[in-house]
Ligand code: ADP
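A lone chain, given as structure tokens: the form predicted alone.
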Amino acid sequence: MKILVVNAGSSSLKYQLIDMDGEKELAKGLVERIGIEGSRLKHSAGEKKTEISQEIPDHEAAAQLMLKILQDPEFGVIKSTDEIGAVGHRVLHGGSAFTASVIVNDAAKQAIRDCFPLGPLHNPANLMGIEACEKVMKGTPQVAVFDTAFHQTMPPKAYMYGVPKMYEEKLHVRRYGFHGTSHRYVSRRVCEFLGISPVGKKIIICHLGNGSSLSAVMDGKCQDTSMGLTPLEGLLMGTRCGSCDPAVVQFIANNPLKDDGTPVGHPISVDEVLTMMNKKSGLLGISGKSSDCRDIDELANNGDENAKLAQEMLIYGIKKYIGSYAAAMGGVDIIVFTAGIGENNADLRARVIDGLDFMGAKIDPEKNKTRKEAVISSDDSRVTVCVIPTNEEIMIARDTLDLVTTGKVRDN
């Protein structure tokens, strides 16, 4: 069966067509600037690549263009949309209602709407992508795969905040966690790669990219994760500040500064502070120059002190989470690096593990040069340290195939 994987943003639609017989990628692409001047589609199928620039007013038009290029005589890979057995959609927030992926129906769509306040930037866009595909692919099953689902096995002691319990009971204020599809794929794949069962294993997943999160996984189930009610909590990230004293929000709201460091002269709203914390903080805010870890590394290597500080804050934060999760689980058997930074930044991996020999984790410098699936720990390391490239698309495709063929997901 061929599965189409869709990840819809507010002005974009990313797609990948996968033949599940062998799990082969047939084509992938991105429709960007939807509803904005300069909209276009970028598409590739093997060595063949093309780009189409035209007006794309909404997600339905984007979905139609996606299907048109997939059937194109020169750049397409299918003759008819009838060859697509189902569509799997990435959905950011499933709240506490979803512990696994689901076939989309009216009740599922309403539940996604109910989570709009928890994922205001992503959930509305994700739903637009679902409804657009429903319109242009009538009768084709649609499946929602939630970023939050994997983390729903956390116990209350891990997901509750120390505010009055009525806020969790009435307003669902709690830790949800994100990047769940990646954490689930990697925690499963590392065990397959090592030829071991997840039962009895204590694994720490370091998903490090422009957005970063860690998870503690025991017996294949998530026990804790660094992101919270929103993706703002946790590590220092590209533009997100990560965890900080909640009183910082009030203090900055009452004493805001302009970009040049001069006082604004009047208080600003909590929403404005959170926008700053989400979009102008993190590596960008500390360095003052870039949110890209590659730029930060280059700046630091050239002596930029603020870039060095940003590096140190990120590495220190990762170390703290690894230490705390090892303590919470009573040890750790495997530490895994994944996502853009985790897979490609050997220096960061080495600096994170440096000093963790007290808990039995050591890196082999030669093995650590890899950017591929590999064990990078030294032969005498008691903790196995690995690089496992993530593949959220194949995880979405697998869930989609399972649901439309058997009615249930093989591993929740």
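Everything quoted here is computed from the prediction, not taken from an experiment. Note that residue numbering follows the sequence shown and begins at 1.
Below, we turn to the form predicted together with this ligand, even though it does not appear here.
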Original post:
Quick one: which of 27-35, 358-366, 42-50, 340-348 gets within 4.5 Å of this ligand in the model of the complex, going by heavy atoms?
Top reply: 340-348
Original post:
Looking at Asn210, Thr140, Thr230, Gln71, which is the one with a non-hydrogen atom within 4.5 Å of this ligand in the model of the complex?
Top reply: Asn210
Original post:
Exactly one of Lys79, Lys279, Lys157, Arg294 has a non-hydrogen atom within 4.5 Å of this ligand in the model of the complex; which residue is it?
Top reply: Arg294
Subject >> Contact flag, Arg371 vs this ligand in the model of the complex, heavy atom cut 4.5 Å >> reply: yes
